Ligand SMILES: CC(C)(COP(=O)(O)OP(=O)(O)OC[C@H]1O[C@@H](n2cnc3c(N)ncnc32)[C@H](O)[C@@H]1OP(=O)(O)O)[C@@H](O)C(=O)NCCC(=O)NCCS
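A single chain, nothing else alongside it, follows as structure tokens in the form predicted alone.
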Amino acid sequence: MAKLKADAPVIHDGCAVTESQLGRFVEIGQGSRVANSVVGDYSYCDRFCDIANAEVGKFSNIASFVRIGATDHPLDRASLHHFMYRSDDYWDDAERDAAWFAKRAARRAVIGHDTWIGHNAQVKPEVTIGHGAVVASGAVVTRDVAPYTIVGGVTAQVIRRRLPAEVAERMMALAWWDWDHAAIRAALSDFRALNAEAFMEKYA
């Protein structure tokens, strides 16, 4: 793993990062694409991820081969093919369908703070993954996921709560992900040693 820095993200070989904002201590894994997205502080994605039109919170853990905000094809037209909107790739006298691209870019996927998106999972456009939630490997998420909830399957369904509702609410109120770098370092031993309930008792 690379040494992470506050002043510049670590972007591994073969990545394409376009029209995106990357926060402090961010790492983008080999071969990944990040387009028209915001990736919050301390978040990372592993190898060969595809993140488009997304808002990724802080401390998000995104495993390899994850796809977030996959772009759509038009289902209500005579054809699905991109010759309709990437028309300039096919004809010198045709323009791109700017309205279609703008519509796709506006359909944002939102990934909350301290989330874990498992290997080869997909999160569709306009879906929100709540703070502290977990998406199991291989899941296809088509609906919002409540905070501190674990989902899995195709299409994704609730497996169980990660934390009891009252603990989850207190954790979101604490919002430790907004602490500064030094405060997180000072609490590191407690992050390691204490379960969520005991952590709340000490810091909330």
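All of these numbers come straight from a predicted model, not from anything done at the bench. When you see a residue number, it is the position in the sequence shown, counting from 1.
We do not show the form predicted in complex with this ligand, though everything after this point is about it.
Note to self: Please tell me whether any heavy atom belonging to Ser137 falls inside 4.5 Å of a heavy atom of this ligand, as the geometry stands in the predicted complex.
What the structure shows: Flag for Ser137 set to yes.
Check: Does any heavy atom of Trp116 come within 4.5 Å of a heavy atom of this ligand in the predicted complex?
Finding: Yes, Trp116 is a contact residue.
Checklist line | Residue contact check: Gly152 to this ligand in the predicted complex, 4.5 Å heavy atom | finding: Result yes; Gly152 sits at the interface with this ligand in the predicted complex.
Note to self: So, Leu163 and this ligand: in the predicted complex, are they within 4.5 Å at any heavy atom pair?
What the structure shows: Residue-level check for Leu163: no, no contact with this ligand.
Notebook entry, point to check: Heavy atoms within 4.5 Å of this ligand in the predicted complex: which of the stretches 170-178, 22-30, 52-60, 153-161 has them?
Noted result: Correct option: 153-161.
Next item on the list: Within 4.5 Å of this ligand in the predicted complex, which residues of 28-42 have a heavy atom? Give them in sequence order, or say none.
Entry: Heavy-atom contacts within 4.5 Å come from no residue here.
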